[in-house]
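The chain below stands alone and is given in structure tokens; this is the form predicted on its own.
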């Protein structure tokens, strides 16, 4: 059940997880797609969820944990609704990416891979966004923002609040 604020009831998440486990139980190589589906349900992979998956697939928890920690797509902590990816590539670096990162970090009150207390933002760095002509650049979710200054980057984030 979903409340007015958009949060899904834990019992619904649990039902969805059990349905996903049943769907992938007999599928060879089903661990990764099951983990992806579980992360879609919960937003990250809590230990209890990984334990249920291990039990449901009859595999050791260490294998599940090993897969989750190997692949960067999986997350062990809650993430923000808006994912900020700050480019640290050469072009962005030369054009002041560190100052832009510092401004965003200070404004949000989080460091690299940090998530704001209200779960609105997660701040990450990436090696390259492939937007060198827009340096310095950042992505917020699927939106690319370029030619940033420290001030412009902070103002840009206001549209995601």
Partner chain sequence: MNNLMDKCCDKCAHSPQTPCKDYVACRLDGPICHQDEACKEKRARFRDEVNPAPGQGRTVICVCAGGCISSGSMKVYDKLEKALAEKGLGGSVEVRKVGCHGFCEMGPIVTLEPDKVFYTRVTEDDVDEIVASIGGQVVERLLFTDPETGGKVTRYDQVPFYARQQKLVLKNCGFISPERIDHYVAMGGYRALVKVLYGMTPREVVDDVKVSGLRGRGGAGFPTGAKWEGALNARTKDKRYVVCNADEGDPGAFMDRSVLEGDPHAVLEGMIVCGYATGSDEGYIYVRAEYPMAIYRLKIAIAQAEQYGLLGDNILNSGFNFHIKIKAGAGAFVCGEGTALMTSIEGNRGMPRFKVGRSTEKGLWDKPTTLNNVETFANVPMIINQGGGWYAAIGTEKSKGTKIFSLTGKVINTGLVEVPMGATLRQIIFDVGGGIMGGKGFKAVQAGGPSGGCLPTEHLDLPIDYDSLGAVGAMMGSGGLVVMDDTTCMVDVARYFLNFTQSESCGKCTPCREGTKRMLDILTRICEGKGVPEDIETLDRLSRVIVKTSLCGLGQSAPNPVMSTLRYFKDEYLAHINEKRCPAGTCQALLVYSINAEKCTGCGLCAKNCPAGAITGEKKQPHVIDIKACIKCGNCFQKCKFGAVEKK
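Since this is a predicted model, take the numbers as computed values, not measurements. Positions refer to the first chain, counted from 1.
FYI, the form predicted together with its partner chain isn't displayed, but the following is about it.
Candidate site formed by 26, 83 and 120: none of these residues places a non-hydrogen atom within 4.5 angstroms of its partner chain in the predicted bound form. Checking 31, 41, 103, 110 against its partner chain in the predicted bound form, a heavy atom within 4.5 Å turns up for just one residue: 31. Using a 4.5 angstroms threshold between heavy atoms, residue 66 counts as touching its partner chain in the predicted bound form. At a distance threshold of 4.5 angstroms between non-hydrogen atoms, residue 144 is in contact with its partner chain in the predicted bound form. A residue is said to contact a partner when one of its heavy atoms sits within 4.5 Å of a partner heavy atom; residue 36 meets this definition for its partner chain in the predicted bound form. Its partner chain in the predicted bound form is not approached by residue 17, whose heavy atoms all lie more than 4.5 angstroms from it. Contacts of stretch 67 to 91 with its partner chain in the predicted bound form, defined by any heavy atom lying within 4.5 Å, are made by 67, 69, 70, 71, 72, 73, 74, 85, 88, 89, 90, 91, listed in sequence order.
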